[in-house]
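Read the single chain below, which is given as structure tokens and is the form predicted alone.
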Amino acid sequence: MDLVLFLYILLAIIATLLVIGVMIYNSLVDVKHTVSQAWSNIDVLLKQRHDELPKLVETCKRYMQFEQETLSRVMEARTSIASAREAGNLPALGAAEGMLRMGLGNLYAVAEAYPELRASEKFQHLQTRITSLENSIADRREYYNEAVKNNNIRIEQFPEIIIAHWFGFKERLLLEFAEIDKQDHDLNKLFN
């Protein structure tokens, strides 16, 4: 009788551990997919902005004959972002985002010297659209980084670390922007 009781207790412990293991695995899968979904949301916005930037540059070219360097920087940053996004290189994407934000800031500041450009309905529409996309990207970046933080914490906690290691759950990188993007910009330089 003692052996049967011992086997029942052992089976109950094994069943409990199995249920706990399945619950942990499922919650880790949920966290992993939350990170993927958050990245997909950013990716859609990056693609939309990628499509809008050439239209903005073309509109500006019509009015800004002597500002080719500013326009070139915006397009170079756009290309860098596309390459980093396609490669999944988050550090390079963050640096390219900083370059683009600085380039757009310069472009908008230089546009102030061209009243006809500022009055252009197409320019105003594109500027508003890109600014809106920038704000959405910032919001989604916050959500993505929160999801990454939750993922990284979960796969390092005990007992989740055991399941994460067995099933190959990986740490994810935060989407961080370059230091230059975090600094205050000297607006006097932009207007000179």
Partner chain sequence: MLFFLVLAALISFYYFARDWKRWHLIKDTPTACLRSAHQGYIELEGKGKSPSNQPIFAPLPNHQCIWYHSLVERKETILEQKRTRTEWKILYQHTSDQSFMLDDGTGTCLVNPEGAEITSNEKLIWHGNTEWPTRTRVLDSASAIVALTSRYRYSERLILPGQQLYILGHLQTRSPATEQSVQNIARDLLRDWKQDRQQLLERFDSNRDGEIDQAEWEIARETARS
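Residue numbers count along the first chain shown, from 1. In this text, all values refer to a predicted model and were calculated from it rather than measured experimentally.
Below, we refer to the form predicted in complex with its partner chain, which is not included among the displayed structures.
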Candidate from Q48, Q124, S36, N150 lying within 4.5 Å of its partner chain in the model of the complex - any heavy atom: N150
- line: None of E146, D43, E58, E156 but one has a heavy atom within 4.5 Å of its partner chain in the model of the complex; the exception is E146
query: Hey, in the model of the complex, is L174 touching its partner chain, heavy atoms inside 4.5 Å?
result: no
message: in the model of the complex, is there a heavy atom of its partner chain that lies within 4.5 Å of any heavy atom of V19, even though the partner is absent here?
response: yes
- request: Please check if E160 has a heavy atom lying within 4.5 Å of any heavy atom of its partner chain in the model of the complex.
  value: yes
- prompt: How about V31: is it within 4.5 Å of its partner chain in the model of the complex, going by heavy atoms?
  reply: yes
- prompt: Are there residues in 124-145 with a heavy atom within 4.5 Å of its partner chain in the model of the complex, and which are they, in order?
  reply: N135, S136, D139, R140, Y143
